[in-house]
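Quick heads-up: the structure tokens below are two forms of one chain, split into structure 1 and structure 2.
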Structure 1
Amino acid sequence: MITISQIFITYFRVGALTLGGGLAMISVLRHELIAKRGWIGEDDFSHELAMATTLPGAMVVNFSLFSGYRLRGVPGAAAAFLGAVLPSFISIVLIAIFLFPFFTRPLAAAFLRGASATVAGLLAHTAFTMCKPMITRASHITAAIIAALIAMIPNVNPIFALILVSAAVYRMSANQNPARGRNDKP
């Protein structure tokens, strides 16, 4: 039985320790939730991440709500959400009050530069391992690359890539299963 405080502590630790933004947090949560604790399966993780990416707002905030809800319902979602958000809030307020000059030191910038390069490797690894099971057909690989290209055009909201490519893939899937497409669409 996973307790509410276990959920809160797990997400809080990941939130407090992970440099490199939301996607880096997703990589670390993947390690914590799947490999280390076995709380969530590979499939559910991908599914929840897909939903979290589809919605607006911080991806890892959405993800904490979905995965927390899966673990322990509404209290689980609340614990995961607070665990993911509070470390950011606390550390930013503390920095704003006390530590601002620290960040202008060259050594801090050097630390960050090395850490960012490491995070780039971490993100590439996560994207690689996570995307493998999500994509099973050649047409899906093409769709993913097209979505990435559209999303990388400056000043274009990534939601266009999401809607456009999802609709195309949905059309293709419906065509490939004509019986399902005809009978079950509302």
Structure 2
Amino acid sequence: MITISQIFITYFRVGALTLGGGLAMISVLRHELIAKRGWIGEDDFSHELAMATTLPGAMVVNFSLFSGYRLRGVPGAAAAFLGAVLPSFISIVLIAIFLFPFFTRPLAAAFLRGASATVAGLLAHTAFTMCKPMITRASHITAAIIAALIAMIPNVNPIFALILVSAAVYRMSANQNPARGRNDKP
């Protein structure tokens, strides 16, 4: 049985050892919850992530509440939430108290640039690992590439790429479903 302290420690460690916020934490959480511990399955992880990203608020907070609740109910949700949030809270307080005056120094600036590059790598890894099981047809691969290319155009909102490509894939999928009748709505 998964204990409340195991949930807290797992989320605390992920929160303490990842930089870049929620999206950067997803690949690490996926590794911890699915690959390393086997606490939840790939489908459950994807569904909880989808719910967490559609609800208002911080995605990792929402995800920790969903997965913690799945693991141990309300106490599990509280443990996952506190574990995910406390490292950031403690870090921000310590930075504000002790390190803020040092941010103008070249060594600190170099560290922050390196951290930014690391976050970009974590985001790319997250995108790859989350998309890999979902891309099952050539049309999905094409859509992913088109969306990435549109999102890279300067001054174009990535939401535009998401909506445009999602609508196109939906339309293609609706046309490929022979089981639906002519009068069925999509």
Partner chain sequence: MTLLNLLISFLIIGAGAFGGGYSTITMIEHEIVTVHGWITSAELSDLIAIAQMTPGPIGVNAATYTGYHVAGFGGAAVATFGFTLPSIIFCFTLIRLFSRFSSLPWIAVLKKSVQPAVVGLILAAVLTYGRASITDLYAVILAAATFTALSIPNKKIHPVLLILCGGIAGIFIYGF
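Basically, rigid core = biggest C-alpha set you can superpose within 1.5 Å across the two forms. Residue numbering: sequential along structure 1, first residue numbered 1. Everything quoted here is computed from the prediction, not taken from an experiment.
In this pair, structure 2 matches the form predicted alone, whereas the other structure does not. In the core-superposed comparison between structure 1 and structure 2, the C-alpha atom of G121 has shifted by at least 2 angstroms. Taking the rigid core as fixed, one finds a CA shift for H47 smaller than 2 Å between structure 1 and structure 2. Once both forms are fitted on their core, a CA shift of 2 Å or more is seen for A147 between structure 1 and structure 2. On a core-based overlay, N157 has a Cα shift of 10.0 Å between structure 1 and structure 2. For L112, the CA shift between structure 1 and structure 2 after superposing the rigid core equals 3.5 Å.
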